[in-house]
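Take a look at this one chain, the form predicted alone, written out in structure tokens.
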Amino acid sequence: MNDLMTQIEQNKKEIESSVVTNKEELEAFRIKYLGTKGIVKAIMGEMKNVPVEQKKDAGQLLNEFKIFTEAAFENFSNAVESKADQIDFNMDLSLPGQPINIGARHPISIVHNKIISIFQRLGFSVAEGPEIEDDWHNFTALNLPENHPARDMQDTFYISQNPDWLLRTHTSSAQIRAMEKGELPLRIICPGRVYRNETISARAHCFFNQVEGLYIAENVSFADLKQTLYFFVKEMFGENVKVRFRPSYFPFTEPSAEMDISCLICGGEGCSVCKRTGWVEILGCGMVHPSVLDNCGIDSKKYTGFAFGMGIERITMLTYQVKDLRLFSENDVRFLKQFTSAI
């Protein structure tokens, strides 16, 4: 018991004479006295050597020593923090400050916002939907019933928890949800991220961003679709870009087409990006299939509509002449810094 009291008194004197002026010294004090292998723990361990009849008094002494040490640490900590908050009036306040790196929007976000702005000028509003979808909204309602061969065009990530759940393969599912509300006429664009089980390369990724558009009203024609897309291309890429439509097939539109623009990289002369054709596909489109309207409770004999969809990465690659899709998701600061002035 006497040895224990001696140890406590010696350590109290050492603590009282300690000088702590910075965070490094404060941490050293904490480790020495209050750490897992510190003096307080070591002295506490001496309790096993104290006779039973003296344990109560010894325990009280040890507890007082622990409180004393913790209070000293708290005082030192407050003093160090207070010192850190004080302004050094000896510093030269006329010196320039440390530079702050200015961030910028991601190139995908820049193009995403520009596309939305263009279509909003035509009266389109923005509609969104969940990224985890069910089979009905992603496939069946879009005239893609189970075992339809066109489903193979969209290699899908299914959710193992529920075989009816999947990561949406296009934002058309958001269009279905909007049509089911029955509020007509309907003029919307649906931006968002989509997922497909594809091999990652310079031209493809397992996730990408889409913008799809939909217009449903009475007497909507293919001519309305073409004029809408002509306006978009001129606003997005400039007056000198040429446009062409090619017949295509999509289960949810009839007739269907793919739209190409003259290659912005070679000016239509032919290069590796446009595969020497002078043309680059940017979107698919067509008149909404009557079955899709019927699936959503819309009278296909009274209403018609058009739809289109494009990948934002493809538009961004053409806008900034980027030749590798993977650059958009690698977060390489050297690449992203190029777009600081493009906000």
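We number the residues from 1 along the sequence you see. Treat the numbers as computed from the prediction; the structure is a model and nothing was measured.
What comes next is about the form predicted together with phenylalanine (PHE), which is not displayed.
- Contact with phenylalanine (PHE) in the predicted complex, judged by any heavy atom within 4.5 Å, is made by just one of 234, 114, 196, 193: 196.
- Among 119, 215, 250, 76, the residue placing a heavy atom within 4.5 Å of phenylalanine (PHE) in the predicted complex is 250.
- Phenylalanine (PHE) in the predicted complex is approached by residue 308, whose closest heavy atom lies within 4.5 angstroms of it.
- By the criterion of a heavy atom within 4.5 Å, residue 292 is excluded from the residues contacting phenylalanine (PHE) in the predicted complex.
- At a distance threshold of 4.5 angstroms between non-hydrogen atoms, residue 205 is out of contact with phenylalanine (PHE) in the predicted complex.
- Looking at residue 210, you'd find a heavy atom of it within 4.5 angstroms of phenylalanine (PHE) in the predicted complex.
- Remark: of stretches 47-55, 300-308, 60-68, 313-321, the one touching phenylalanine (PHE) in the predicted complex is 300-308 (heavy atom within 4.5 Å).
- In the predicted complex, 284, 285, 286 are the residues of 278-303 with at least one heavy atom within 4.5 Å of phenylalanine (PHE), listed from first to last.
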